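Below sits a lone chain in structure tokens, taken as the form predicted on its own.
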């Protein structure tokens, strides 16, 4: 959400006597449920790009009503006029000043007329290329300062792009705000099922060559590629990596059927099968719980693809969403980072839509109802979801805030498929 303040309105506010601003609020209050606190970002000359990125990030967090002012009104020549921002409805003002090698950030509590957080952050202030990640980290820090919740700005999304020319198809990554699109996989071949390693520096995906689907683990910083053992025959896909990074679960399709296997990533060995239904059913799309103790997956053992959960060793396989309708199916589950929910897409008579399972209550609700929507992936805050949708006329990425229902598109060239949202990315991330 954002609030646009025109120049005429701003002039009226600036000319209002300060006595009219007294007693508006005495402390930070979020108001009724669903009402977002107002926030504004102001900056010293030379920091317009940084300010613009932070404003956009705070808006995309869906936790604030961002007050957007004309550029000339947000360039500071002295301390920020907190009285003005109080009239505009801001509870917080973010002040950005030049500092050696970066910026100084101050968070002002407007009702208290006090600086409540501040610090110097090193960064490239141009707002271009990979250096943008440091600016996104400042945005996430502001979100944490104000709300105590994690931000999602310093993250990236993996996506398979289909651009009409196979040499351009492949796995790409894009910043959470839709900028900085960069190729990850090599040209040629067919790729699918991208997934992040928990370290944020490696990714895994399936690469189809010579009728074999092999899982590749690739470093983003060096480009070094490792072939996962036991994936050099048959079709191996829909990989998931355990939260501690030591294990990988994946689906393996051979003549006998499709089952879920797990391999020891730390030692690159010891692959073993977790499901053994064989020809009677297919088992695929594993996803680990955040504590690594359970795995959710899709199985057709009940007739139609349904959502199941098992212990990480393969025991205790239990249905969570059983599809009794022969025309219904569940697909592409992913466990939320907070462990309370599983997101997935569901085919019903009305089309393919994003659904969410409350793990504790075992209740399901639909999150979308327009277009064809599939392949959802959680942001680190367990509140935002990225998925593929054709609601705009072609397959593109869309981000949904499941609390407010707000939606935004991430535009990509060509068709977008199977997105995967990264964990928070550290300073060492390339």
Partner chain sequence: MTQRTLVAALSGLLILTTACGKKAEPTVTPAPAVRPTATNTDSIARARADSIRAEEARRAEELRRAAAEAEAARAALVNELAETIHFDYDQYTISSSDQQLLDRKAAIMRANPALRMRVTGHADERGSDEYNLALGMRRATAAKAYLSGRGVDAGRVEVASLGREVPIDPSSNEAAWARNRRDEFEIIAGGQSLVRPN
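Here the rigid core means the biggest group of C-alpha atoms that line up within 1.5 Å when the two forms are laid on top of each other. Residue numbers count along the first chain shown, from 1. Please read all numbers here as calculations on a predicted model, not as lab measurements.
Below, we refer to the form predicted together with its partner chain, which is not included among the displayed structures.
Candidate spot 141, 177 and 399, all three in 4.5 Å heavy atom range of its partner chain in the predicted bound form? Verified in the predicted bound form; spot residues all out of contact, no.
Pick the stretch from 68-76, 253-261, 148-156, 108-116 whose residues have a heavy atom within 4.5 Å of its partner chain in the predicted bound form. Heavy atoms within 4.5 Å of its partner chain in the predicted bound form occur in 253-261.
The single option of 282, 104, 199, 124 touching its partner chain in the predicted bound form, heavy atom within 4.5 Å: Here the answer is residue option 282.
Heavy atom within 4.5 Å of its partner chain in the predicted bound form: which of 62, 57, 381, 375 fits that? Just give me the one. Answer to the contact question: 375.
Residue 193 within 4.5 Å of its partner chain in the predicted bound form, heavy atoms: So residue 193 counts as contacting its partner chain.
State yes or no: in the predicted bound form, is some non-hydrogen atom of residue 305 no more than 4.5 angstroms from a non-hydrogen atom of its partner chain? Yes, contact at 4.5 Å.
Using 4.5 Å between non-hydrogen atoms, is residue 218 touching its partner chain in the predicted bound form? Because no heavy atom of residue 218 falls inside 4.5 Å of its partner chain in the predicted bound form, the answer is no.
Does residue 51 reach its partner chain in the predicted bound form if we count a contact as any heavy atom within 4.5 Å? Although its partner chain is absent here, residue 51 would stay clear of it in the predicted bound form, with no heavy atoms inside 4.5 Å.
Using a 4.5 Å cut-off on heavy atoms, which residues of 329-348 contact its partner chain in the predicted bound form? 331, 332, 345, 347 sit within 4.5 Å of the partner.
C-alpha of residue 148 moved at least 2 Å between this form and the one not shown on rigid core: The answer is no; the displacement is under 2 Å.
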